[in-house]
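Next comes just one chain, in structure tokens: the form predicted on its own.
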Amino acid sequence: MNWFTEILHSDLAQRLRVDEILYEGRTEFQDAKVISNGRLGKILVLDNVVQTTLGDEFVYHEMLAHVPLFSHPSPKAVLIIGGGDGGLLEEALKHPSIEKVTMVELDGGVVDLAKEHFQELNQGAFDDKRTNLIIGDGAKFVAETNEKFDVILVDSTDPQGPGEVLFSKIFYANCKRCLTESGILVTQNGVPFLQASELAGSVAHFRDLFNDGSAYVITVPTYAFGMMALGWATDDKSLRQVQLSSLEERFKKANFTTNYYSPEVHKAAFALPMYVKRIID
């Protein structure tokens, strides 16, 4: 029996049974594998770290997309940094108000893998006429573009290698420069139980740069050893306090089905456990 072992920390690991190896090779930037597991389905692995699985991707992608997109009263322009598997892009495009989603992914090889092996996940999102796919450096893009976005979603790897710059204060400052007046920035910020310093650093940068900096939490089975944090930053403090009735109205109007997100879960996600509150405060 073949097993894949993911070791993110010196004293913890998780193992997934490999039923089939569908791809193994290297992109321009990183080692890549697509493996199959009986419970989780197809799994994308980059540099020996699980990025997404067909079995539970809906948790991460729905909550990264829909919390800011339903918090904003009328999002039209969205920027995704990273997100090469296309799952986040597919969720963002479900919102009827969206006119354009610009996606900047450093590694074109990941997009190619996603188009070939994860069509169930991205469901043709790369071919949507509202999609503007750019293969390039997301940090460089936000430093140089003149475009403005209502929502920026950072679907990055952890802060190591190519993803390290996406957790820096200068990157967050450049994101703010690209946001509209009531724009929202949401970021992938790891598992607080194991990556407290990463979350604390990001939220500290948010609070230096924005009127409102915080985080909300989600539970993704394959991001092991605790709930995951998504960073939140905006200059409009009211957007984190949208009434449940307004969220319900927006969700009903959008008229699509979810597997994790609901207006009630949206509100509850900002109720942080005390250990997470201590990390960010």
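In this text, residue numbers run from 1 along the sequence as written. Keep in mind the model is a prediction, meaning the values are calculated, not measured.
Heads up, the form predicted together with S-adenosylmethionine isn't pictured, but that's what we're talking about next.
Would Gly136 count as touching S-adenosylmethionine in the predicted complex under a 4.5 Å heavy atom rule?
Gly136: contacts S-adenosylmethionine in the predicted complex.
4.5 angstroms heavy atom contact with S-adenosylmethionine in the predicted complex for Val217
Val217 lies outside the contact set for S-adenosylmethionine.
Quick check on Val165: any heavy atom within 4.5 Å of S-adenosylmethionine in the predicted complex?
Looking in the predicted complex, residue contacts with S-adenosylmethionine include Val165, since a heavy atom lies within 4.5 Å.
Look up in the predicted complex whether Asn37 has a non-hydrogen atom within 4.5 angstroms of S-adenosylmethionine, and give yes or no.
Output for Asn37 is no: heavy atoms all beyond 4.5 Å of S-adenosylmethionine.
Name the residue from Val142, Val101, Leu106, Ile152 that puts a heavy atom within 4.5 Å of S-adenosylmethionine in the predicted complex.
Comparing distances to S-adenosylmethionine in the predicted complex, the residue within 4.5 Å is Leu106.
To verify the annotation, which of these, Val50, Leu69, Ala32, Met63, has a non-hydrogen atom within 4.5 Å of S-adenosylmethionine in the predicted complex?
After the contact test, the surviving option is Val50.
S-adenosylmethionine isn't shown here, but in the predicted complex, which of 117 to 125, 172 to 180, 69 to 77, 84 to 92 has heavy atoms within 4.5 Å of it?
Flagged stretch: 84 to 92.
Check each residue of 208 to 228 against S-adenosylmethionine in the predicted complex and list those with a heavy atom within 4.5 Å, in sequence order.
The stretch 208 to 228, when checked against S-adenosylmethionine in the predicted complex, contributes Tyr223, Met228 at the 4.5 Å heavy-atom cut-off.
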